[in-house]
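Okay, here we've got a single chain as structure tokens, the form predicted on its own, with questions on binding and movement later.
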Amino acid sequence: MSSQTATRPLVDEGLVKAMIIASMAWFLISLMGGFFFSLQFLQAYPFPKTELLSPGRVRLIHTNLIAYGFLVNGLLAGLTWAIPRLTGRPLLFNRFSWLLFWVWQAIVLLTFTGLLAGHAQALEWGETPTGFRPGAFNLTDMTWAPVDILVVIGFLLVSINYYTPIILSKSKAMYVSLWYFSAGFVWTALTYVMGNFFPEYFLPGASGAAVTGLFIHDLVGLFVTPMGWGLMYYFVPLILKKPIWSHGLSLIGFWALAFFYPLNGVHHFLWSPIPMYAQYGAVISTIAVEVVVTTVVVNFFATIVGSGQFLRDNLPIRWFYTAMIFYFTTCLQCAVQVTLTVQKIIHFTDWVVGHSHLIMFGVFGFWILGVMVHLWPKLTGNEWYNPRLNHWHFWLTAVGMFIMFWDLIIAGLIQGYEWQALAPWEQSLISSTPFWLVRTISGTMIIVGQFIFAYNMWMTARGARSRLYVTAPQAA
């Protein structure tokens, strides 16, 4: 292996580039799914009589492609760039890495087509098709490809590929990013098996609901969160050209995440038949996570002290720190909304939708987009076609996300109080309609921003340069 690694580059930049392209492609498809689904609430759904494109199925396309297409590919692109540089070792095998990349795209495609064909699993955030009839595990009576099993096998192989350079690292001291990455791979494998197999086959009723709640939250907290923060601990000091403010504080944040986050998921099912001791435990641990978030956010903002000009001049840093503000906002919000008193009002309302959009896209999506902005010129060997378009991309996306979040929060409060007052259901629909219109408009802003960015990426990869940024030749 040593002779092989000596003859190949530390980072396969072509693989990183392919992952970014795949992430962006799935992202655009998922956004269109979300846009079409939002039109259902305005009585303007464009495919009302097409079963294949029914609103329920299109919604699953939106959520699952964000999770497994956009986020997974985007995070793995960052890891493929960062881990070899942190360890001094390349990934296990180059061809193996490319094989895993194409296998993962096939898995996402099977999920996409399976959901449209009606083979979704009846599990929130775990709709990836099992391939079997509900509750059955009969290899001779399969209804679709066993996507769940393929995901587990694929992720185990991915873990081996990325763990190898960490284990063989040239440095005995392990930087905090590698702590997050290492734990994230272990947690994700356990979380996926727990959430996609146990409720379906072994845990009916309230027990299955409790595990489903753990899965919904742990998919965010034990996969996306450690991978995302690990990338921030790598890219932020690198771009700022200064070390993280406190390495000790970063480890406190890591271990507190590991201790408190796994218990949070039951808060998705407060006021349910799940035993109250489990619900109280989820409430306490969710509030405790706010302490974790505070230590991490303080660490990063202390790091940028004295380098504030980067927020103005460096677009990736602006993406990163905007997302950190959103992250602190969502976790503070979560510490409030998890209380049983507030849950009486906001449960099942659009408040929850606003919260989930801000954390999944406003935080982790923003981090991935910032990484893309930073890496794309390096991967293509070209300057950005039009840097101004990147600023349009940022502001359309950030303002659109901000409007959507507060629009859905206000809508959720109105819905909750009307339901609490036992107002007719139709009244809550009438009250919500203006907010749903604003949601679609703000979502359109986000979508336009992403297509602008995709166009800028494409032109940059071609080596084109906008006339606004072409220097006129000097006269002889």
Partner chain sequence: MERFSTVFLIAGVAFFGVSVFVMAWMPFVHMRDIPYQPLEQVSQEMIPEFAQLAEMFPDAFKRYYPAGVTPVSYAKALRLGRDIYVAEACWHCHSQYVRPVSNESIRFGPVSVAAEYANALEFPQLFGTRRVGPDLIREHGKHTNDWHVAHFWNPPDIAPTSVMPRYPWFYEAAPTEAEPDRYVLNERGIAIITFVQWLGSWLEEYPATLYNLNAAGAR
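Positions refer to the first chain, counted from 1. As the structure is a prediction and not an experimental result, all values here were calculated from the model.
The protein also exists as the form predicted together with the partner chain; that form is not presented, and the subsequent description refers to it.
In the predicted bound form, at least one heavy atom of Q415 sits within 4.5 Å of the partner chain. The partner chain in the predicted bound form is not approached by G308, whose heavy atoms all lie more than 4.5 angstroms from it. Contact check for F254: a heavy atom falls within 4.5 Å of the partner chain in the predicted bound form.
In the predicted bound form, the partner chain stays beyond 4.5 Å of every heavy atom belonging to T440. Of the candidate stretches 66-74, 420-428, 447-455, 27-35, only 420-428 has residues with heavy atoms within 4.5 Å of the partner chain in the predicted bound form. Among Q343, Q105, T380, N161, the residue placing a heavy atom within 4.5 Å of the partner chain in the predicted bound form is Q343. Comment: the partner chain is not present in this chain, but in the predicted bound form one of C334, M194, I239, A145 has a heavy atom within 4.5 Å of it, namely M194. Along 277-303, these residues reach a heavy atom to within 4.5 Å of the partner chain in the predicted bound form: Y277, A278, G281, A282.
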